[in-house]
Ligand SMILES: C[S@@+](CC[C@H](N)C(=O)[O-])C[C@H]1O[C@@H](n2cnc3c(N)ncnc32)[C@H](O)[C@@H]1O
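Below sits a lone chain in C-alpha cells, taken as the form predicted on its own.
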C-alpha cells in the first residue's frame, strides 16, 4: 500500500538528483542567500528574546535534517557537533550529512517514532519538514513526538515552515491555526518571516535593501517562524 511516507521518500530522492533544485538552494544564488541570512537573523532574535545568548551545552535535534545544512548553521550558534542530532527518511541524504559533518548523530528514522528518550533535547527543530507531509495524522504524530523528546520545562521547539506554496503539489502550507492545533498543549510565539521567494528572485539583484524593507512589512512573507514551549 502506497503511503504518504512512500510519496515523501520518492519526492526527496527526486529533489536530491535535481540540478535545478541544487541551484535554487545554493548560497551562490542571491535570492536563496538573502532568505537564508534573513531567517538566521530572525532565529537569533527569537532565541535571544527567550534569554539565550548562546547554544553552548544545548542538545539539539532536527526533524528531517537532510544532508545537515541547518545543523551546520547551528554550529555557528555556539553548540558542538557532539550536541547535535538529526533524523531523516532518506539514507542517501544522511550519508551526505555524515560526509559534511563527520561523527554527527544522524539516524534514518520516521518522525513519528523518534529513537531518543523522553526529555532528551533542549531544542528540537523542524525546517519545512511538516509542509512536505500531507497526511494529517502523520503530522499530529510527529508533533507529539517532538513534544515528548524536548526537555521540560525549559526546552523549546523551533518551527520554520511556509503557510502557502501553490506551485508545489507535493507540499501543503501550514497556517497558524494548524500549528496551534498540532501543539495545543504548548505556548506558541509566531513571527511571519521570509519574503516570498518568487518576489525575492525578481528583486534581490536590483536592490537587497528593497527586499529587506518588504520583508520587514511582513505582508508578503511566506513563512512562519515559531518558538514553541511545552507546558
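Note that the structure is a prediction, hence the values are computed from the model and not measured. Residue numbers count along the first chain shown, from 1.
Keep in mind that the form predicted together with the ligand is missing from the display, and what follows is about it.
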Complete contact of 122, 144 and 230 with the ligand in the predicted bound form (any heavy atom, 4.5 Å): no
Does at least one non-hydrogen atom of residue 65 fall within 4.5 angstroms of the ligand in the predicted bound form? yes
Consider residue 128 of the chain shown here, and say whether it contacts the ligand in the predicted bound form, taking contact as heavy atoms within 4.5 Å. yes
Would residue 111 count as a contact of the ligand in the predicted bound form, using a 4.5 angstroms cut-off between non-hydrogen atoms? yes
is_contact(residue 70, the ligand) in the predicted bound form, heavy atom dist at most 4.5 Å: yes
Exactly one of 158, 149, 104, 89 comes within 4.5 Å of the ligand in the predicted bound form through a heavy atom, and that residue is 89
Of 189-197, 56-64, 173-181, 41-49, the segment with heavy atoms within 4.5 Å of the ligand in the predicted bound form is residues 56-64
Looking at the ligand in the predicted bound form, which residues in 132-160 have at least one heavy atom within 4.5 Å of it? 132, 133, 138, 142
